[in-house]
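Here you get one chain, nothing else, as structure tokens; it is the form predicted on its own.
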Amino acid sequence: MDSKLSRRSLLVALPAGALLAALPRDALALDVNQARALIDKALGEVNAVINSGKSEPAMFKDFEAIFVRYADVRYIAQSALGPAGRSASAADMNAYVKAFQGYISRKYGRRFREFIGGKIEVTGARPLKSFFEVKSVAYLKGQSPFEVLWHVFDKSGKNQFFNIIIEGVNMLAAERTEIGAMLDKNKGSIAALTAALKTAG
């Protein structure tokens, strides 16, 4: 299974709003400026890694640290796993979330490595129901600029992003499809899925 995100990916099976139906609508304490500032700060670190000249493994390590700092990793991992996680033990879920963290960092790290020599800049932000959408534009050498959207909330008590949409490819929807397929391949075993995630991405 190709771990790279294709520009013409057909994995956008569900709109972001459908995946967020269960979020409380009155839980937000952050505002649009805070959401934008969060992504501005995160992208400052991403851009620094992109153009650091480091090796791929070193860059992936840096991307994982950024992901942990600015993303609600547990929410993303649980959303990707879906109903299968309800019957999992706390130990199995913690191991799965940790493995998912490395997997998603490598996967999106490879996509961000395509931006070497370029940059991503925030261009705006707006409220969307129970979260905020921060718009950014990626500038790559020799290619037309394209949009990268970030969804931000404070569901866990911290301002964090929980979704990225790169050229229409919705991370939450794509990973729900990807993780579901991997779980099926491993006969529904979360432990086996966790082991597979350690080398995937």
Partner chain sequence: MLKKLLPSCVCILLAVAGCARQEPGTEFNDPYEAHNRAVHADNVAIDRTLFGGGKPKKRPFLPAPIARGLANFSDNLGLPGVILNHLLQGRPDPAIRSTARLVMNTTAGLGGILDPATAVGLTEEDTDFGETLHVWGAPEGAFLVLPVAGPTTERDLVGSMVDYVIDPLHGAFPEPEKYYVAGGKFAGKVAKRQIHGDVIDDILYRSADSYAQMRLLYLQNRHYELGIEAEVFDPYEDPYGQ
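What you are looking at is a predicted structure, and each value in this text was computed from that prediction instead of being measured. Positions refer to the first chain, counted from 1. Throughout, rigid core stands for the largest set of C-alpha atoms superposing within 1.5 Å between the two forms.
This protein has a second form, the form predicted in complex with the partner chain, left out of what is shown; the following refers to that one.
Peer 1: Taking the partner chain in the predicted complex, would Arg86, Lys155 and Ala181 all count as contacting it (heavy atom within 4.5 Å)?
Peer 2: All three within 4.5 Å in the predicted complex.
Peer 1: Under a 4.5 angstroms heavy atom criterion, identify the one residue in Gly117, Gly124, Gly82, Pro127 near the partner chain in the predicted complex.
Peer 2: Comparing distances to the partner chain in the predicted complex, the residue within 4.5 Å is Gly82.
Peer 1: Evaluate Phe100 for contact with the partner chain in the predicted complex, applying a 4.5 angstroms cut-off between non-hydrogen atoms, and reply yes or no.
Peer 2: Flag for Phe100 set to no.
Peer 1: Using a 4.5 angstroms cut-off on non-hydrogen atoms, would Arg176 count as touching the partner chain in the predicted complex?
Peer 2: Yes, Arg176 sits close enough to the partner chain in the predicted complex that at least one of its heavy atoms falls within 4.5 Å.
Peer 1: Would Tyr96 sit within 4.5 Å of the partner chain in the predicted complex, counting heavy atoms only?
Peer 2: Residue-level check for Tyr96: no, no contact with the partner chain.
Peer 1: Taking the shortest heavy atom distance, is Ile50 within 4.5 Å of the partner chain in the predicted complex?
Peer 2: It does not: once the partner chain is placed as it appears in the predicted complex, Ile50 has no heavy atom within 4.5 Å of it.
Peer 1: From first to last in sequence, which residues of 59-81 have any non-hydrogen atom within 4.5 angstroms of the partner chain in the predicted complex?
Peer 2: Tyr75, Gln78, Ser79 sit within 4.5 Å of the partner.
Peer 1: If I superpose the two forms on their rigid core, does the C-alpha of Phe60 end up displaced by 2 Å or more between this form and the one not shown?
Peer 2: It does shift by 2 Å or more.
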